[in-house]
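In C-alpha cells, one chain follows: the form predicted alone.
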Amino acid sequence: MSNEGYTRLDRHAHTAADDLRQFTLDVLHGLSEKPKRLPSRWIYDEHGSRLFNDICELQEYYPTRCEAEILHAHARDIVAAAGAPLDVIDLGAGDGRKSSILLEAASGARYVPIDISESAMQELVAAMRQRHPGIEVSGIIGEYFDALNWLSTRSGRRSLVLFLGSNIGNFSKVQARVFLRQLWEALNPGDLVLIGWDLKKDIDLLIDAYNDAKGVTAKFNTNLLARINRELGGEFNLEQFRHYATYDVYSGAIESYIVSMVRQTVAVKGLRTSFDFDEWEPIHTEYSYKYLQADIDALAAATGFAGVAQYHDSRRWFTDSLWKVVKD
C-alpha cells in the first residue's frame, strides 16, 4: 500500500475514458431494446450521488435511518462476534458514514474499502482518515471479487465484509444468489459478512419511499437523461419525461422507470443516432427487491453461509444479517 492509503490492482486500472466508453455502449444498447432500459449504476455521477445523499435524509426514505439505528445498537456485538485481529472490508462504501458507526467499536481493526474508481477511493480514504485517526485505512482499487481474492491470501486477519444499505436489493433473486456464492468463494473459512436487507412491509410505505413529496427521487432518476445530455450530446427535454415507481407484488420489487409523456424522437449526437419514443413509453432504470426473513435464511443456506445473528430496527422494517463462511 502507498502513502495514498490504497493499493491499485494494476490490471484493473480504471479511467474516466473507460467509464465513458461503457456508458456510451450501455445507452446505445439499452435505448435500442424493446422494452427500453438503462442500468441504474449510471445515475450515480457526481450530481446523482449528491441527490442520493439528499434522498437518504428524506422523511419517506426509511432504510438509511433504520440501518443506522441497527448499527448504533449492535456495533459492539457485531465486532465482538467477528473477533480480532480484524479487517473491516467495505463493498459499496459511499461516503462511509454507516461504516464509521462500526469502526467506532472496532479498536485495532483495519478498514479496507474496495472500489473500482480511484477518485472515489481518494475521497473516501481522506474522509475516513480524518474521522478515525487511530484506524489504519488500506483501500483496494479493483473489482470486488478480484480484490477479495487478492486480500484473502495476504491479510492474515479475519475479514468482516460489509454490504450495507440494501444494495443486495438491486440484484434479482438469481443475481443475488450468484453474488453471494461468489462472495463465499472469495473468503476464507470463519470470515463473516454483514448484509443489509430491506424487508417486505406495507405497500404504501414502500411506494412512498420511492415517490417522495419533494420530488428528489424524481430528479435522481431522471438524472440519467441529464447525464446523457451532458456527456453524450443528448437532446432529452426533461420536461417531457417523468419518474414513475411502483411495487410488483409477485416479484417483491420496487420498479423504477422514466416515462416519455409524449410521442417523440430524441437525438444523441455522441451516438450519431436518435431514438423513438411512443407516448407513455417507459425506460426501466432500477429494481429494488424486498425480502422476507425466510428468503434471507434460504439464501444463506444455498450459498454456503451459516447465520450468526440477525439484527432489526425497532419497527422491524429493515434487517442486517451477520453470516459466517463455512467450508468443509
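Bear in mind the structure is a predicted one, so any value in this text is a computation, not a measurement. In this text, residue numbers run from 1 along the sequence as written. Each form is matched to the other, and the largest set of C-alpha atoms that superpose within 1.5 Å is called the rigid core.
FYI, the form predicted in complex with a small molecule isn't displayed, but the following is about it.
Although the partner is absent here, Y244 sits far enough away that none of its heavy atoms falls within 4.5 Å of the small molecule in the predicted bound form. In the predicted bound form, no heavy atom of K200 sits within 4.5 Å of the small molecule. At the 4.5 Å threshold, heavy atoms of N167 reach the small molecule in the predicted bound form. Contact annotation for I116: at least one heavy atom lies within 4.5 Å of the small molecule in the predicted bound form. Residue F52 is the only one of Y62, F275, F52, Y287 with a heavy atom lying within 4.5 Å of the small molecule in the predicted bound form. Of the candidates W184, F236, Y257, Y144, Y144 is the one whose heavy atoms come within 4.5 Å of the small molecule in the predicted bound form; the others do not.
Heavy atoms within 4.5 Å of the small molecule in the predicted bound form are found in exactly one of 277 to 285, 39 to 47, 262 to 270, 297 to 305, that being 39 to 47. For L124, a C-alpha deviation of 2 angstroms or more is recorded between the shown form and the other one after rigid-core alignment. After superposition on the rigid core, displacement of the C-alpha of D198 between the shown form and the other one stays below 2 Å. Relative to the superposed rigid core, the position of the CA of L71 differs between the shown form and the other one by less than 2 Å.
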